[in-house]
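The chain below stands alone and is given as structure tokens, in the form predicted on its own.
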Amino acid sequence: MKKILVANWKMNPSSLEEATNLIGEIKEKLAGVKGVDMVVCPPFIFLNEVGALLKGQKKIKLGSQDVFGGEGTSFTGEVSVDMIKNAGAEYAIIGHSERREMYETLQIVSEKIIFSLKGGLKVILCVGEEARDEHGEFYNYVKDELEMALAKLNKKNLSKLIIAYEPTWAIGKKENEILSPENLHEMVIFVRKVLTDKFGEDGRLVPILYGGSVSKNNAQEIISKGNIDGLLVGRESLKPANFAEVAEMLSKN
């Protein structure tokens, strides 16, 4: 299985010129990286332009940071699966904690997954606990997230699913305040068990990524000890040289 590296630009940058310059630098810096599938997820407003610059690329694919999970057109401010596909995107991040903090329920997440898969997108589903407790209740929290979000998922669509474990409490933290690689390894085993309990042995084939304050300084330890299949990177993806270093680390593990 190839490693996977996802860049979530969040609400960055502030202009189209900056966005096109950024993707240009990323393409240049990552040109020599092998064995890693990469996905860049810019804000909606830049999807078409970034998609045009990535057209024909085999190494770097386009993704969206969210998607509308329904049919029809009378939904002001929403962006449909077809719009995202027509911009050239192949992936959609769904259920990011920053979306859930605003309004998004697990039922909405589940609907978005189904509509995205039906429309031909691959799904990057984000899960992760809000806090850790000494009794291990956070495991049940992650289990509930997975089971509710994937309740309607047909086994035949597992090949289009990626899980991104991103504990909410680790986002935006300092490098020494995030989850230890050993604890991450344990969570990956747990997530894998939830998937195999629901989908059988096919659940072992679903890639599991880690996200949450990943940087070039902590990526190597996370990759080598965390038992992961890739990374979901936020602020470090806005620094092409650093992002390329992370990609190189993935390619060698």
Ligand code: PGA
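All residue numbers are counted from 1 along the displayed sequence. Note that the structure is a prediction, hence the values are computed from the model and not measured.
One more form of this protein, predicted in complex with this ligand, exists but is not displayed; see below.
- Heavy atoms within 4.5 Å of this ligand in the predicted bound form belong, among the stretches 30 to 38, 184 to 192, 213 to 221, 198 to 206, to residues of 213 to 221.
- Only one of the listed residues (I171, L153, L161, M83) places a non-hydrogen atom within 4.5 angstroms of this ligand in the predicted bound form, and that residue is I171.
- Contact annotation: L232 falls within 4.5 Å of this ligand in the predicted bound form, judged by heavy atom distances.
- Using a 4.5 Å cutoff between non-hydrogen atoms, E166 counts as a contact of this ligand in the predicted bound form.
- Contact annotation: K10 falls within 4.5 Å of this ligand in the predicted bound form, judged by heavy atom distances.
- For the stretch 74 to 107, the set of residues having any non-hydrogen atom within 4.5 angstroms of this ligand in the predicted bound form comprises only H96.
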